[in-house]
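In the form predicted on its own, a lone chain appears below as structure tokens.
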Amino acid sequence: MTMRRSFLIAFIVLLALLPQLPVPEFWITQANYIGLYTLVVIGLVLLTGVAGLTSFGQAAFVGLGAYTAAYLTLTQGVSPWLTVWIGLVITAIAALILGWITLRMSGHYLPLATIAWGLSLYYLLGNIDALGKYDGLLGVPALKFFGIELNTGRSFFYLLWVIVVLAALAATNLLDSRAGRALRAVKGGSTMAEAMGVNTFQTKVTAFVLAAMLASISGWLFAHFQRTVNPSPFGLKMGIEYLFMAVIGGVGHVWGALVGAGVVKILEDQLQVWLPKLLGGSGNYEIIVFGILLVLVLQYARDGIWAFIEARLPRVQRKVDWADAPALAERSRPPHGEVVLDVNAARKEFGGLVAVNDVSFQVRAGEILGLIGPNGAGKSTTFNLVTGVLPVTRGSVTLRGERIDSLPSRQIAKRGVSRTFQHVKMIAGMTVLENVALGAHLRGSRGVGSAMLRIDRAEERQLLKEAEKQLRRIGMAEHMHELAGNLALGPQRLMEIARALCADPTLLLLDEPAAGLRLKEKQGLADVLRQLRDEGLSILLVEHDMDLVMGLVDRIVVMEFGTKLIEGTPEEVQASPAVRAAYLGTEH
């Protein structure tokens, strides 16, 4: 049994024993509030820590769950065990609408938008007569569980903490899955994730809705624990406090949500007692202390308290349980010599600047085409036109007879185009194996629900088996359990190639794959690319290492200032006076 699992079991045993111990009722009440807050903060871990979306409005979703429960039980006599589902539906619809509008924003506009709708919902709740305005709704009945009335802190404790532990385990399961890798991928921007076939906007909305639903469950529990509901716990102040808990505990760690909620709740209560005595007057001094504490955490411990705890726990290596998993289905290769990619008079203008000027070339099945030229020649822009990162201003890009120049990156990836990047794009906090498995995103279909319930394991083993296969092909199998961020630049580039191969592409685009590689690594890379060519894969290669290019590619396209200068075999290109003088040097 691992130390981490031992800690989890010990924590669950402690939770089970706590209400039976002769501890003050105040402790039980505190533990219940910590549990209520933890549910909301787990949602923020998924939303902010993993997906990179900052929200100050989670308290409003807590309010939706609480008010739905209170209103329906008091006025309509609806069972609380039904109101929780009604509250989830209402919250999910509200989150879908708000997410659809606000998640298209970027930078500081998104947090400002969450503040705006958080305030709006707070004032809306406080001005509706049926909801008691700012006085709220009183006399919410206690929950009953198999005839047992949960009307005390101790009796309520078990239901609450079972839900909290299940939510934490479900979130942990989610992050260790195909859907979880997609969720992590959107934090670094959309370009890489979309190139892997991830619908980044849909993924962001999913994270937003999940966080809102966890907040709604917390609100439902809050209503039946507090037995009264009014707008004050659901305002902007509490929204900021939830985010503060996430940062203190470790915004990227599921179990950091529990640590953050516990530390902030206990500190808040103790400071309210200590500070007036120390300063000799009453006031909300704890807010000042929390402000200073937040600045210190952001300056010196951005990963939060849980990061310090986790660093002292032994790192668990993933169990290799996919050896017997069936291989993923592979797409059929086009016959040798068939035109796979046809770039016809492609043009890209940025205002008055022509970055790619009516460039035409073809890539055939079983061929490596080199695309060379000095910096600023338009090679990467051409890559982006082929992969859908940029739309063409004029001309066309065709893949196996189908126009793709108007399609988004993920749709082009679905049709068999995979790529690496000039500047390595990866998820540093995931292992090499997990990064490579992201490349197989489109070869799986399991979503969030099956991941959280852990019923996606059969498919997951297939995806991980494919990732290991590609790492072995590229000569990096011994690094598969290392964190990607710990690799040097050369191995990171090799990892990107393995990730691209994991998509089972028809056309592979490599943007300076040999940069940062040692001589033996370059030789190994060249051998792998020749093998892939012999298997019928089409490769478009941008590279500055002329020795590698000349000894590897079948044909070369030379670009200069966005224009195609010449196209031919390596020998023809080397023999061209213009190319020899401009790019290869006259000594060649």
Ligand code: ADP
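As the structure is a computational prediction, the values presented were derived from the model and not from experiment. Note that residue numbering follows the sequence shown and begins at 1.
The same protein also exists as the form predicted together with this ligand; that form is not shown, yet it is the one meant from here on.
Peer 1: For the chain seen here without its partner, which of 373 to 381, 257 to 265, 137 to 145, 174 to 182 has a heavy atom within 4.5 Å of this ligand in the predicted complex?
Peer 2: Within 4.5 Å of the partner lies stretch 373 to 381.
Peer 1: Quick one: W81, I86 and T228 and this ligand in the predicted complex, is every residue within 4.5 Å by at least one heavy atom?
Peer 2: None of them does, since no heavy atom lies within 4.5 Å of the partner.
Peer 1: Taking this ligand as it sits in the predicted complex, is A323 in contact with it (heavy atom to heavy atom, 4.5 Å or less)?
Peer 2: No, A323 sits far enough from this ligand in the predicted complex that none of its heavy atoms falls within 4.5 Å.
Peer 1: M430: heavy atom within 4.5 Å of this ligand in the predicted complex?
Peer 2: Taking the distances in the predicted complex, the answer for M430 is no, it never comes within 4.5 Å of this ligand.
Peer 1: So, A329 and this ligand: in the predicted complex, are they within 4.5 Å at any heavy atom pair?
Peer 2: No, A329 stays farther than 4.5 Å from this ligand in the predicted complex.
Peer 1: Does any heavy atom of F308 come within 4.5 Å of a heavy atom of this ligand in the predicted complex?
Peer 2: Answer no; every heavy atom of F308 is more than 4.5 Å from this ligand in the predicted complex.
Peer 1: Can you pick the one in Q422, T75, S232, Q272 that has a heavy atom within 4.5 Å of this ligand in the predicted complex?
Peer 2: Here the answer is residue option Q422.
Peer 1: Have a look at A113, A355, V165, L487 for me and say which one sits with a heavy atom within 4.5 Å of this ligand in the predicted complex.
Peer 2: After the contact test, the surviving option is A355.
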